[in-house]
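Take a look at this single chain in structure tokens; it is the form predicted alone.
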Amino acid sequence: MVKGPERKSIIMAVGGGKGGVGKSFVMASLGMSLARQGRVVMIDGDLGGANLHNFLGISRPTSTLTDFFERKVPLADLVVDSGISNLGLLTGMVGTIGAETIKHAQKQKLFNQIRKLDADYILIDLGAGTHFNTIDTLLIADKMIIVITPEIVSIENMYNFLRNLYFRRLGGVLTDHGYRDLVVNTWHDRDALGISNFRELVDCLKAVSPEVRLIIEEELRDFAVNLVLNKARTNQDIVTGNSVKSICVKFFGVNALYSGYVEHDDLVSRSANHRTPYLSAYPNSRCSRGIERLTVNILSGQQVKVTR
């Protein structure tokens, strides 16, 4: 169903540079939590390896995003009932198409139809990697979520992902205003210009002209990412999220919000294997309570308070 003109959906998308950090579990749990407040449509945007349905406790639907791209079926017609009240699902098909195969016109059509879905909340679970189609999908969201784990590989991949995300957004903004290739050329000459990180890149770009400064300040004022630390086992793991946030602010100059953490629970895998939604099976667990706090923080813009 396509929504009426009076309804404004909040779009959330989750991404990250590394697979295996638990993006799909976090997104499925957020969707179930939000479904208690309004109509939710979840989109599994991992076109080559869709698995969001496993965390909702259902079999993979036969209607998928492949039908949208290959058979031109309207997006709204592909949303299926998840079996959970107020929650619909639109999934990708395993092993058919990937983000790199989508053409620009297809991508724009997808984005337009996502915005028209009849929902209070639209949640998009993206595949791993930094392909520009994946990045562009994250950039249409009102709430951009990056999931990490307290492991050095995950954190390093997150920085790479954030760099690509910010670079894409910055380049797109300036291109729209007639400054094509300014970001790319400035970054290419970074050694000569004494630029060592993205914060310094932005400062250098702002110095190009008052117009460029105004464009960057106005267009990127609301650019923010929500950091979620998954699989936390210790208090030190939880503190890691705050450290990652501080580094994002220092070296990227972006508004990074440490929205919350989810504690490790072996029962997450068990519930997925048994096709039982975790929040339904273990509503009073510490992990479930963390998801509830995370949901509140993402909606309100609040951050987790961490003490060492």
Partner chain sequence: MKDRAPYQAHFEMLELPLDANFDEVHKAWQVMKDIYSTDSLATMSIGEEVSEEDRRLLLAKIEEAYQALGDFFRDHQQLLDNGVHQLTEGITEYDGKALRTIRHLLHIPLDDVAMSTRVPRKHLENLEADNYAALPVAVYTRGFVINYAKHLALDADLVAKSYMEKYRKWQEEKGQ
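Being a predicted model, the structure only gives us computed values, none of them experimental. Whichever C-alpha set is largest while still superposing within 1.5 Å between the two forms counts as the rigid core. Residue numbers count along the first chain shown, from 1.
Unshown form predicted together with the partner chain; subsequent notes refer to it.
- Segments offered: 276-284, 241-249, 50-58, 66-74. Contacting the partner chain in the model of the complex at heavy atom distances within 4.5 Å is 241-249.
- In the model of the complex, none of the heavy atoms of Arg190 sits within 4.5 Å of a heavy atom of the partner chain.
- Shown alone here, Asn185 lies farther than 4.5 Å from the partner chain in the model of the complex, counting heavy atoms only.
- Within 4.5 Å of any heavy atom of the partner chain in the model of the complex lies no heavy atom of Arg169.
- The partner chain in the model of the complex comes within 4.5 Å of no heavy atom belonging to Arg213.
- Between the partner chain and the residues Cys204, Val173, Ile155, Ala128, the one pair within 4.5 Å by heavy atoms in the model of the complex involves Ile155.
- Proximity to the partner chain in the model of the complex, defined as a heavy atom within 4.5 Å, holds among Asn235, Gln108, Thr101, Asn197 only for Asn197.
- In sequence order, Pro150, Glu151, Ile152, Ile155, Glu156, Tyr159, Arg163 are the residues of 140-171 having a heavy atom within 4.5 Å of the partner chain in the model of the complex; the partner itself is omitted from this view.
- Once the rigid core is overlaid between the shown form and the other one, Arg199 counts among the residues whose Cα shifts by 2 Å or more.
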